[in-house]
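Just the one chain here, the form predicted alone, laid out as structure tokens.
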């Protein structure tokens, strides 16, 4: 049940092997990439399975949308390879499990899905979110994080249950048929990951940034340009949904923020290092974090802008110590509105 929609023949005949050749964390020439690809396709041991930092980027790099990263995660789990040490993985499986304390709630459109990050409900405030409903909690957790832990089985088990809970407790007795997802993770889970595993999603999904653009247009007479240089920290889940990335530039244009040109941005973005820290690859994490933040500082950014809570929590102290302000995109928009 919930088998990955993956075509082995597409990978086998790919000549560029972008999924491996463009990886920023594993270096290999084209011949080595071919050999490692064959090992993965045949279910054999491959250094890719042990060296992968689970940044999701190969999902974006694949020109055929053939889900190479999801296959890597499946292969890791099949072989008992634990990117994050087993005790820490098991601990997270307990902490992030559904709590079964969900109750029906009357909602209206637009409804903001905060997923498991109830602690960030305070971000849903001011004129940007006037008249919205909020849903949150562990019982509607999108579970996309298990891609970092080689636990696609947990996604297959828990994501359908989260979807059922959303339908049963929120949508069934309302006129709402679409959700605004506050995080890239949820939007990516419901529009990319779920279809890849054949999991049915009974509602439409709106990316937070698309929603913000609509509201900024409604409130355009109240906008005072930020007039600051900003760097955007792309979350790993945005690799699943690159079609949404134009929203970032559109928001910055509307609020008068200047997105700096830098090396580690857009398709060349670096991880926040949450995954590498969880994997206890401390030297790699320190190096990636330093290169990333130095790149922002050298480009003259005053703000480091986030969408992903994990990225924000992971990087905010180092960002602050570098002299920049860490801030969520929605909060930056509220500043432009004088709130």
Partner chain sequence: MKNIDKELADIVGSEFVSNHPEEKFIYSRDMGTMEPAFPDLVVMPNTTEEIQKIVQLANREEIPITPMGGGLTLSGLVRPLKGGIVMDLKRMNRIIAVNEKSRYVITEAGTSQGMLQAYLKKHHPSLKHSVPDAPPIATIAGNVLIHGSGHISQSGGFHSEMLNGMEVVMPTGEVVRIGSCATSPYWFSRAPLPDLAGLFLGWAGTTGIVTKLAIKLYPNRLFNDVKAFVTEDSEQVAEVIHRVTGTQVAEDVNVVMSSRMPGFQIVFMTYSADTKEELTWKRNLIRASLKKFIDDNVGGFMVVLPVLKGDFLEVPMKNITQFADEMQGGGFEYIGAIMPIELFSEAYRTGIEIADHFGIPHFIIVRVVGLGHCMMFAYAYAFNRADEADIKKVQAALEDTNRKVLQMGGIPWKAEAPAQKQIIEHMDPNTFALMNRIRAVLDPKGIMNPGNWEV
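Residue numbers count along the first chain shown, from 1. Predicted model only: the values in this text are computed from it and were never measured.
Only in words, not in the display: the form predicted together with its partner chain, which the text now covers.
> Taking heavy atoms and a 4.5 Å cut-off, does residue 103 contact its partner chain in the model of the complex?
Flag for residue 103 set to no.
> Indicate whether residue 317 is a 4.5 Å heavy atom neighbour of its partner chain in the model of the complex.
Yes.
> Look up in the model of the complex whether residue 38 has a non-hydrogen atom within 4.5 angstroms of its partner chain, and give yes or no.
The answer is no: residue 38 has no heavy atom within 4.5 Å of its partner chain.
> How about residue 278: is it within 4.5 Å of its partner chain in the model of the complex, going by heavy atoms?
Yes, residue 278 sits close enough to its partner chain in the model of the complex that at least one of its heavy atoms falls within 4.5 Å.
> In terms of non-hydrogen atoms within 4.5 angstroms, which of the given stretches 193-201, 256-264, 218-226, 92-100 touches its partner chain in the model of the complex?
The contacting stretch here is 92-100.
> All three of 88, 283 and 286 touching its partner chain in the model of the complex at 4.5 Å, heavy atom to heavy atom?
Looking in the model of the complex, the three residues 88, 283 and 286 all sit within 4.5 Å of its partner chain (heavy atoms).
> Given that its partner chain is left out here, which of 82, 146, 209, 170 has a heavy atom within 4.5 Å of it in the model of the complex?
For this set of options, the contacting one is 82.
> Find the only residue in 274, 61, 70, 303 having a heavy atom within 4.5 Å of its partner chain in the model of the complex.
Exactly one residue meets the criterion: 274.
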